[in-house]
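In structure tokens, one chain follows: the form predicted on its own.
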Amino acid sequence: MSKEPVAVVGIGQTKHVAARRDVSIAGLVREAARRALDDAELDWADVDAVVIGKAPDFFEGVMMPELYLADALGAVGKPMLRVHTAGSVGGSTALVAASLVAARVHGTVLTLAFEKQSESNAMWGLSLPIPFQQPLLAGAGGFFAPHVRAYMRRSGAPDTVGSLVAFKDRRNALKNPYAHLHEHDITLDKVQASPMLWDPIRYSETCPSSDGACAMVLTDRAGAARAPRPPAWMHGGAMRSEPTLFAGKDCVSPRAGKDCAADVYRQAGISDPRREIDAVEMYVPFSWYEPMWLENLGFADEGEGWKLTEAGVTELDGDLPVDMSGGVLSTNPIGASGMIRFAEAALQVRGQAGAHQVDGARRVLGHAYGGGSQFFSMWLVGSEPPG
């Protein structure tokens, strides 16, 4: 028996900010969920199950928060699943929800991811010791900066590429009312003059720490037929993982990322992603990861990704727009960041992305990664049903 087609009929986000002190975690997630249901013109009773995800519980210090969030999400008496795959969790949460619809276990599933980072200190929460190395890193940037330097040496990329990505994404964020950072006075000179945090990563080339939530309503073909507006259709989705450390690991272009993308392309019938995919919502917490992931995902040959960035290909009006919403560089409630990428991809193919809409976007990739570049989740959505 073939899989049931999966449609995205509702999308909701909170306004992402540094601190939402006006709401509890329950209030935050309910806000996003209510907006997704309103978008689908559905109510809590129309939902068969809820799939929720977030990053490590120590970020807020509330263990297994899904247990007390059931009431806020209309999940009392219904199946509720929790997903956790580090920073990629927003994407993998959506994929778990999609699998329940595709397998015909449930007809309509509410999926949601969140983080309320203001109730903790994520930078120090991520300052974990690396085996057999001196304890000199602070935050995720300290872990990833050596990988970026390795990419620069391998590719010969000039040291200005990271600032080009940051300048682009922060300008894109100005067109997205939900984005956290709205820097109206941003200039390339300001990005390049910002303090160096982890060589070669500057302050303006890093993601913020955000409070926020994102939700989607996924449904089957019958549910899509009842939707008030055209849905986004899932054409392919996959997850892959690999250890943090192992002999031969390529930290610049991890095997798990390549395999995950290849699986999604196979499912969607994509043979040339550079030509057949219209745009990408890519998980880029540090600006240099745009050219690195362009290569990892098959949009550029090894060592050539930075040239696409430098040539303006990834600009909003470029040939392959990347992070039209402003991306993780502008909004980063860690547990939700991957789902925002997936949701923004769906908004594009539904033609509902507003000022950051890509004209004629019919196939868009949503991408997330987490851990030590070891957990990957991706989906490709389209404006037409698969097949």
Partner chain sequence: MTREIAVVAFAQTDHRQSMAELSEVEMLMPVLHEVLDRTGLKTADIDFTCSGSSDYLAGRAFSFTLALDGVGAWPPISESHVEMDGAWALYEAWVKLRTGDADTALVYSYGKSTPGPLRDVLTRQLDPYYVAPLWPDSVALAALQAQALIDAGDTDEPALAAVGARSRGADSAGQGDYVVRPLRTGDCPPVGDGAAAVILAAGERARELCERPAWIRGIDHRIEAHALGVRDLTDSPSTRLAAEKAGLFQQPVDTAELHAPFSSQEVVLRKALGLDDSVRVNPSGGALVANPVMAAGLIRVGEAAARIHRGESDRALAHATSGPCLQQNLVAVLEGDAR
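Residue numbers count along the first chain shown, from 1. Because the structure is a prediction, the values reported are computed rather than measured.
The same protein also has a form predicted together with its partner chain, omitted here; what follows describes it.
- Message: Taking its partner chain as it sits in the predicted bound form, is G61 in contact with it (heavy atom to heavy atom, 4.5 Å or less)?
- Response: Heavy-atom contact with its partner chain at 4.5 Å: present for G61.
- Task: Report whether the minimum heavy atom distance between A355 and its partner chain in the predicted bound form is within 4.5 Å.
- Result: Close contact is absent here: in the predicted bound form, A355 is far from its partner chain, nothing within 4.5 Å, heavy atoms only.
- Item | Close approach of Y369 to its partner chain in the predicted bound form, 4.5 Å, heavy atom | Contact check for Y369: no, nothing within 4.5 Å of its partner chain in the predicted bound form.
- Query: Would T85 sit within 4.5 Å of its partner chain in the predicted bound form, counting heavy atoms only?
  - Reply: Residue-level check for T85: yes, a contact with its partner chain.
- Of 105 to 113, 193 to 201, 311 to 319, 164 to 172, which is the one stretch near its partner chain in the predicted bound form, taking non-hydrogen atoms within 4.5 angstroms as near? That would be stretch 105 to 113.
- Item | Triplet Y68, K78 and E242 all within 4.5 Å of its partner chain in the predicted bound form via a heavy atom | Yes, all three are in contact.
- Which one of E304, E119, E183, E276 is close to its partner chain in the predicted bound form, taking close to mean a heavy atom within 4.5 Å? It is E119 that has a heavy atom within 4.5 Å of the partner.
- Query: Out of 250 to 266, which residues reach within 4.5 Å of its partner chain in the predicted bound form, heavy atoms considered?
  - Reply: Stretch hits, in order: R255, A256, D259.
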